[in-house]
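In structure tokens, the next block holds one chain alone, the form predicted on its own.
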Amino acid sequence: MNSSSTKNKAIRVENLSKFYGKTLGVNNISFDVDPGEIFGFLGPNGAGKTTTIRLLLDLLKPDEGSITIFGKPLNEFSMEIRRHCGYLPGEFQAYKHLTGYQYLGLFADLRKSLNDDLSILLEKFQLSPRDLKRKTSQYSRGMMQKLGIVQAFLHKPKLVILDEPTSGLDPLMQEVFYALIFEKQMEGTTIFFSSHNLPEVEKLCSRLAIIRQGQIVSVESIESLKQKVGHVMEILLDGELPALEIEGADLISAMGNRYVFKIKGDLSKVLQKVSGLPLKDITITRPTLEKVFMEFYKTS
């Protein structure tokens, strides 16, 4: 990999491995993230997501491989890089003996950040002065999460790493969060986004990596992944056709005169074949990200 291409990436992970004794964390994973990209990172519990995030934050050291962020090796420029990073961990908790104001002030001091965005963020997420004067031990799950989001974006980071960021937020606050993400992307912020909420990932991310048992099994656009899985076609015929077969489509189910097929070939050719059938109705849908995800994790 030449140095110029590395410098043009917000994140580059190359052949990264981490073991906890004999237990696998991640094994020889590689991916990169473009500046200003909202990059999804998917996998079930135990797949290696948290290990990868901790490696990106330099909270863990890799056994093998390298991480480059903003064109600089993480192992050499850790402190400099982390000053420009925001982080929201999964199941975020603040120091319970502090008020909301004290907690945000502490992080502003640690980061030596200007607070000109603070009032805007607090207003967006409806954290009032009354809320912020209370100790965080009195916060609801939703209030705690909103505080976590504010601290992650407080210092205008170039890179934000988010782990289950909308956990505990009500639907209205989720929409506020989505708007913030797109706003920050327009400003050039890079977002590394890990979530179990697949519709959320589909809404926000154009590209993602899927990790399984410590290994990356796919890094590509959501659109490309959907094309690989194919369309689903449901047809209703004017009467049953025993042993119905359609070239370019695999039969998934048949109930009476209703048939469901998966299309992986050329859609236009399949439609030509279907047009010769006694059709009453036809529905063709694209797979959701959830369907794509299950294709990677289903057992044979």
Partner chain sequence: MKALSYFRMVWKTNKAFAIFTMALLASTQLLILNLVTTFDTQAIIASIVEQLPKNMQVFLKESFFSTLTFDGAAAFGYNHPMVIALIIVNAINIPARHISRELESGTLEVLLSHPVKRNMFITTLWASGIVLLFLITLSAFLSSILGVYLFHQLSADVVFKILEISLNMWLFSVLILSYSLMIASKSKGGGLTGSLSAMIAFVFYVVFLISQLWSTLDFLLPYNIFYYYEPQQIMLGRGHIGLDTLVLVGLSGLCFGFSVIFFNKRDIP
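Residue numbers count along the first chain shown, from 1. Bear in mind the structure is a predicted one, so any value in this text is a computation, not a measurement.
Keep in mind that the form predicted in complex with the partner chain is not shown, yet the notes after this line are about it.
Scanning 234, 37, 32, 58 against the partner chain in the predicted bound form with a 4.5 Å heavy atom cut-off leaves one residue, 58. For the options 97, 141, 203, 228, the one in contact with the partner chain in the predicted bound form, meaning a heavy atom within 4.5 Å, is 97.
With the partner chain left out of view, the stretch that reaches within 4.5 Å of it through heavy atoms in the predicted bound form is, among 214 to 222, 74 to 82, 175 to 183, 125 to 133, 74 to 82. In the predicted bound form, the partner chain sits within 4.5 Å of a heavy atom of residue 87. The shortest heavy atom separation between residue 137 and the partner chain in the predicted bound form exceeds 4.5 Å.
The partner chain is not drawn, but in the predicted bound form it has no heavy atom within 4.5 Å of residue 119. In the predicted bound form, residue 264 stays away from the partner chain, with no heavy atom inside 4.5 Å. In the predicted bound form, no residue of the candidate spot (257, 260 and 280) has a heavy atom lying within 4.5 Å of the partner chain.
If you take 143 to 165 and check each residue for a heavy atom within 4.5 Å of the partner chain in the predicted bound form, you get just 151.
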